[in-house]
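Just the one chain here, the form predicted on its own, laid out as structure tokens.
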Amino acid sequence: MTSTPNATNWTGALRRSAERALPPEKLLPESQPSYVASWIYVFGALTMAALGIIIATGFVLAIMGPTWWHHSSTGHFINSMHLWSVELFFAFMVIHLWGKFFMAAWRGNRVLTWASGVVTFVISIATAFTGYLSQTNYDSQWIATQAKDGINATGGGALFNVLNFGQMLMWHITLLPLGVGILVVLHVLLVRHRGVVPPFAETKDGAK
């Protein structure tokens, strides 16, 4: 059965909605407004670059096992890259968030864009925390024992047992990274859909 422009099935409706929200020239633009040349707009891209290194090194660490970096010089190097890319990820993300906060980046119907970035930051903190708990060394043991009472006081210890290494490792390499990845993709698509927020001097968009 050949499809028609007026097809009423849900896949056709979904495709047309996606095409309206993100036409090719929006999804993959060839140029950006002149104000994007400012350094404050670079930190979002730097955050994603650091995230790419985190994912790549995390894959290697997951394949080789949770203790590989303790007895292998290559493992120690990969683990160090993973750690420092996380440090850069948070540094770039904090600068990006604060920059967008002072620019009121929710202007022009961009509330969901801003909110998705904030939620990504919160989930990233939990991901980094479970990463510290997965180090399999005395640091991770100390962090876990110090954190358990605070988490138990909230009632979260019934689900989130920081003394359970297996549980923390699985949260760190599956559920939380999946949440971060989905939100990052959503965030980028929202930026493409609404466009990059202009500075306040751009009165045309800033008046919205």
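When you see a residue number, it is the position in the sequence shown, counting from 1. Quantities reported herein were computed from a predicted structural model and do not represent experimental measurements.
What comes next is about the form predicted in complex with a small molecule, which does not appear here.
Any chance Gly65, His76 and Leu169 all have a heavy atom within 4.5 Å of the small molecule in the model of the complex? None of them does, since no heavy atom lies within 4.5 Å of the partner.
Taking heavy atoms only, is Leu22 within 4.5 angstroms of the small molecule in the model of the complex? Answer no; every heavy atom of Leu22 is more than 4.5 Å from the small molecule in the model of the complex.
Does the small molecule get within 4.5 angstroms of any non-hydrogen atom of Met48 in the model of the complex? Close contact exists here: in the model of the complex, Met48 approaches the small molecule to within 4.5 Å, heavy atoms only.
Contact flag, Lys100 vs the small molecule in the model of the complex, heavy atom cut 4.5 Å: Output for Lys100 is yes: heavy atoms within 4.5 Å of the small molecule.
Close approach of Gly117 to the small molecule in the model of the complex, 4.5 Å, heavy atom: Yes.
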